[in-house]
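Let's start with one chain on its own, the form predicted on its own, as structure tokens.
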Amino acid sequence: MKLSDNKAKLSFSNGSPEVDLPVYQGTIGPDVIDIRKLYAQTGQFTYDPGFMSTASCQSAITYIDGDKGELLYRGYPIEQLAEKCDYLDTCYLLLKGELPDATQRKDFHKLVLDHTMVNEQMQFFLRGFRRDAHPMAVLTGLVGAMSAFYHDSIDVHNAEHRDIAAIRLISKMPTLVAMAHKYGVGQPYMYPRNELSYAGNFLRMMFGTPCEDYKVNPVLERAMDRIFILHADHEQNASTSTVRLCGSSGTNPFAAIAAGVACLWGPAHGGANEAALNMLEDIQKMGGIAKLGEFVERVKDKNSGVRLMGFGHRVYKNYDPRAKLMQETCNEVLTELGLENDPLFALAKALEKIALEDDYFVSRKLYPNVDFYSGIVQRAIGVPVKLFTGIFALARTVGWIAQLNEMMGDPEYKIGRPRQLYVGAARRDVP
């Protein structure tokens, strides 16, 4: 970051001395006011619930302009990456800072795809869970347990250990997600095949059985790969901030990523695509398209408690760029599978049309977001709704690792310790 010639001046109405605060500039985006010495200079903290106006770190990985609807990975627009690269190219970019050349691409793909198997003992660990456990509960346990199965790479302060853990996590996450799925439905686990692509391998482990050869559909393979790319990183969101905060204590990389998985599970974060599909299914039970107008009116009624899931975004105040790409993928998948006239998908299209044309939603910038379309795509492919967030965690793993690595290499990093505004009882004595 670069020190700006501009300075912020903090003045007080009670006559306390004014305080000059440095201002720093990033490459693009808003400047930041440096308040690190504020407490030492004034004895006061800032108050910012939800960190709405606070930059917790400096980062060179991902940039979002919510007003423009722009998302950049290492400077590259998400639209170009989704069109011209695959997920492992994107992983290399997020981890290394640059897109791979031909040799680097070949070596990195081979490295990841050669390490997709997990320790056989993890199958027995998995059997300790109930069959009807939510896949995210299972996945949180499995990822955390990796520090017990791969304890030769758990020193987060060791750059080589972090590199080894990164490859292990990216390689094995699809296997763990597929194992959690197979365990839940009572089918045999499918071992990975190194000759398949990252996304193709995942589809085979999810939907293949030992009874017959599984043929990877290239349209579905590309759709799954695009889902991975669009979810790979998204700046300092709740789960990424959780990974950074957890990692700042010096805990091992597997534990930090497990914390990110647990945070992602929340319906306001990674569970949003699951919530969007559940909403569509609820509307379908009410009567489908015939009852859509009634549902929309309930959404507009602030007293109804009915929310429109899969629309709007905390950061994007324009159309989510990922949603546009996911919409294209959605149409490709539905056409490939002959599901254009499926009642649930027809309902989704009708709801999308209303949201894009109704002044109530347009004025509030409640555009369809990536969760709305990705849920539809995954359901069409055959992914159970409960597993949507697990696939999100699979895709986001590389972003979490890149952010963790960046923090550990930052000489300014410290263990996270937010302050508070205490409003409880003052000191008192026990009678």
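All values derive from a computational prediction rather than experimental measurement. For the two forms, the rigid core is made up of the largest set of C-alpha atoms that agree within 1.5 Å on superposition. We number the residues from 1 along the sequence you see.
The protein also exists as the form predicted in complex with ligand CMC; that form is not presented, and the subsequent description refers to it.
Should A268 be counted as a contact of ligand CMC in the model of the complex, where contact means heavy atoms within 4.5 Å?
A268 belongs to the contact set for ligand CMC.
Give a yes or no for L366: in the model of the complex, does one of its heavy atoms lie within 4.5 Å of a heavy atom belonging to ligand CMC?
So L366 counts as contacting ligand CMC.
Evaluate R322 for contact with ligand CMC in the model of the complex, applying a 4.5 angstroms cut-off between non-hydrogen atoms, and reply yes or no.
R322: yes, in contact with ligand CMC in the model of the complex.
Whether M179 contacts ligand CMC in the model of the complex should be assessed with a 4.5 Å heavy atom distance threshold; does it?
No, M179 sits far enough from ligand CMC in the model of the complex that none of its heavy atoms falls within 4.5 Å.
What is the one choice in F311, F254, Y73, Y198 with a heavy atom within 4.5 Å of ligand CMC in the model of the complex?
Contact with ligand CMC in the model of the complex is made by F311 alone.
Between the options K285, R130, K302, H157, which residue brings a heavy atom to within 4.5 Å of ligand CMC in the model of the complex?
Of K285, R130, K302, H157, the residue with a heavy atom within 4.5 Å of ligand CMC in the model of the complex is K302.
Based on heavy atom distances of at most 4.5 Å to ligand CMC in the model of the complex, which listed stretch, 379-387, 39-47, 366-374, 402-410, is the contact stretch?
One stretch meets the cut-off, namely 366-374.
For A355, does the CA position differ by 2 Å or more between the shown form and the other one when the superposition is done on the rigid core?
Comparing the forms between the shown form and the other one, which are aligned on their rigid core, A355 does shift its C-alpha by 2 Å or more.
Is K37 one of the residues whose C-alpha moves 2 Å or more between the shown form and the other one after the core fit?
For K37, whose C-alpha is compared between the shown form and the other one after core superposition, the shift is less than 2 Å.
For L366, is the C-alpha shift between the shown form and the other one 2 Å or more after core superposition?
For L366, whose C-alpha is compared between the shown form and the other one after core superposition, the shift is 2 Å or more.
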